[in-house]
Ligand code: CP
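Before any questions on binding or motion, here is one chain by itself as structure tokens, the form predicted alone.
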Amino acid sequence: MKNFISVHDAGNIDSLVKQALAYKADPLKDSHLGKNKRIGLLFLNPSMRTRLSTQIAAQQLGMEAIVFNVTQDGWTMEFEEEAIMSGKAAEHVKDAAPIMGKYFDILCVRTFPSLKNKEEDYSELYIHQFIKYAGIPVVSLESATLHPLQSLTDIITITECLQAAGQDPLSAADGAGAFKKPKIVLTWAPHIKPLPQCVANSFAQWINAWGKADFVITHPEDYELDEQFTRGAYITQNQEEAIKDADFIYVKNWSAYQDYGKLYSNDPEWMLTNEKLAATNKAKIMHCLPVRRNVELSDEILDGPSSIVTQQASNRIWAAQTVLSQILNRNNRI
């Protein structure tokens, strides 16, 4: 693994999940892998779980982790080529990224979309410029369109739950035992403000690439996602139809993709309740957090037995540790 910005960098997803679960069972088994290595965590936007879990993962591999909040601690950065820097930006990525490449062995970057210019956001300019100029492996801690560490975490969590229920997708991959594909639903949820499509795009991309689920996406009219991520899923605007017999339901708000960044509906009828869950196959409920309680998800679900959001969030460590170890092992072989 050279960089990690999407599912296309993942290789065999089941192999990553196996490695992540092995780290969960024995967190320090590769504690010398990153000895004398340094990782930089560069945040252009806020973070809690991503920041903490990646720091812990790096430390468990023996790496020194350094966190830098660009918007609070550094200069405003310019990313456009041939820019005339007469505005607020004081430093160009062409000057900053090569220095990062000298300071660190791996660079992790988190940035969000503007939700104003679709072409600009979907070009993934920021993270591609870091890859172009840093000269070291780059890991996405969320970008304008995707959140791959979250999505790997989600598949790790789903796999754990399936194993606990006697259905093991990892054994099925080895040709051992029967495996019945679970029904996994991604449902839009209300929110007070427009949110990026990153988590929804990424989850759809990874579940489709994984290929071990009957995958359904449900949302109100005008909330279609980019087809490059959803192709392969069944898509419906009928949430009741979508969640019937579901095994897992991933709850997430996202703003419009076509009429970019717009939030048309805040219909509370799209919030999940226990009454709605009665039609599912005792579905496990997932959310990437943070969550607006009683807007996106009701207290009765978040605090009830169907919620696996805490398990999901804790698994962020093992996803990050797996990705970092893949990059370290590759670099050690070169």
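The model shown is predicted, which means the values in this text are computed figures rather than measured ones. One rule holds for the numbers: they count along the sequence shown, beginning at 1.
The form predicted in complex with the ligand is left out here; the points below concern that form.
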Close approach of Q150 to the ligand in the predicted complex, 4.5 Å, heavy atom:
yes
Classify P268 as contacting or not contacting the ligand in the predicted complex by the rule of any non-hydrogen atom within 4.5 angstroms, answering yes or no.
no
Would you please decide whether C288 lies within 4.5 angstroms of the ligand in the predicted complex, comparing each non-hydrogen atom pair?
yes
Check P46 for me: does it contact the ligand in the predicted complex (non-hydrogen atoms, 4.5 angstroms)?
yes
Okay, which stretch from 268-276, 29-37, 47-55, 301-309 lines the ligand in the predicted complex, with non-hydrogen atoms inside 4.5 Å?
47-55
Is it true that H191, H219 and E296 each have at least one non-hydrogen atom within 4.5 Å of the ligand in the predicted complex?
no
Select from 93-114 the residues with a non-hydrogen atom within 4.5 Å of the ligand in the predicted complex and write them out in sequence order.
R110
